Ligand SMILES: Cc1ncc(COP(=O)(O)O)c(C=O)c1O
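Just one chain is shown here, as structure tokens, and it is the form predicted alone.
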């Protein structure tokens, strides 16, 4: 488990100043994760931080100051990236179903590349660009014929709503290349996520770079960028091992260097979100009551899955617990098996199931670690109208509130009461 403090700031101090529940992020871990990835790649490979894993503007700004670029998937994420200080030429815009408003805004600010997910979207972008007198720089997302074996969560190489199938792209590419208001500047492939095997990342990247070469050669088309995705994972569960960055570097450096020698004017992009952010954050809640029910013991907290749905395993048949710790209990030889529950009237509102913890009491702080990625961004904060929890950043030994907890007025103010329709009799 982690230390009972972050940069000298204890969790008890955070509880006393801000109250639970909250997410807390360690700036040292966040930047170290980014720099570890960056330094194990050639200098010419640009790392794009995926805002979907955690779009907090302060975290984004910190990563931007370290040299990261931004990958966004919505209009709001685009505006967050701009507010965080990312230059448009260092932003790419993905997403399988972008609105005309999103496409127009991306063209207006001139992001580096719009990633096109379908033929319909391609021609929609062409029309929008024509209407505003621009030529759109796009990368075509390809759903490849190759399926990575190492990814627990597969995004390509099988039927999905992402990208254009590889065989079909080879059929229609000449027609796409004739579009008057689109510059097909590159390709994008994102084949899978949570990969912990360096060999798997290498094989995936090798296929994408060879696909780039095949399209370039067959159609004599000059690309200027290739996005190889990423998918680097972190170990959440007991049997999983860290991604071996020595092996990763030994495999990836010569692969990218060989490609760069052949295509010196091509910008190489690699995406990362989970690897950068996951281990930098913890979710902290407080035990409000302890109860026994049919032979099992429950720690009922002021948190829950509305704050942290990822902890229950989105799409998983069997939940495996994220690293869970009682931050208040002394390291005691006395342990028990607990279920860690939340505030929702839902039997599945369990942050951890049958987890071994020290003997716990009301008022203790419970932490779910490795929660910096897909915590608040992938959680149903409006369940029971609870709202999203506060977020705190520890930077240079000081705590900073970087997101306020949603208050009732924040949620209610977005709703519209048409009482005049109901008060008339």
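Positions refer to the first chain, counted from 1. Keep in mind that what you see is a predicted model, and the values were worked out from it rather than measured.
Just so it is clear, the following notes concern the form predicted together with the ligand, a form of the same protein that is not shown.
S.K.: Whether residue 212 contacts the ligand in the predicted bound form should be assessed with a 4.5 Å heavy atom distance threshold; does it?
M.R.: The answer is no: residue 212 has no heavy atom within 4.5 Å of the ligand.
S.K.: Do residue 274 and the ligand come within 4.5 Å of each other in the predicted bound form, heavy atoms counted?
M.R.: Judged by the heavy-atom cut-off of 4.5 Å, residue 274 is in contact with the ligand in the predicted bound form.
S.K.: Just checking whether residue 190 would be counted as a contact of the ligand in the predicted bound form - the rule being heavy atoms within 4.5 angstroms.
M.R.: Looking in the predicted bound form, residue contacts with the ligand include residue 190, since a heavy atom lies within 4.5 Å.
S.K.: Residue 374: heavy atom within 4.5 Å of the ligand in the predicted bound form?
M.R.: Flag for residue 374 set to yes.
S.K.: By the heavy atom within 4.5 Å rule, which residue out of 357, 45, 394, 53 makes contact with the ligand in the predicted bound form?
M.R.: Looking at the other structure, the residue within range turns out to be 53.
S.K.: Check each of 94, 91, 341, 140 and return the one that places a heavy atom within 4.5 angstroms of the ligand in the predicted bound form.
M.R.: Checked against the cut-off, the match is 94.
S.K.: So if I measure heavy atom distances to the ligand in the predicted bound form, which of the stretches 359 to 367, 377 to 385, 45 to 53, 58 to 66 falls within 4.5 Å?
M.R.: Partner-contacting stretch among the options: 45 to 53.
S.K.: Does anything in 61 to 75 come within 4.5 Å of the ligand in the predicted bound form by heavy atoms, and if so which residues, in order?
M.R.: Heavy-atom contacts within 4.5 Å come from 71 alone.
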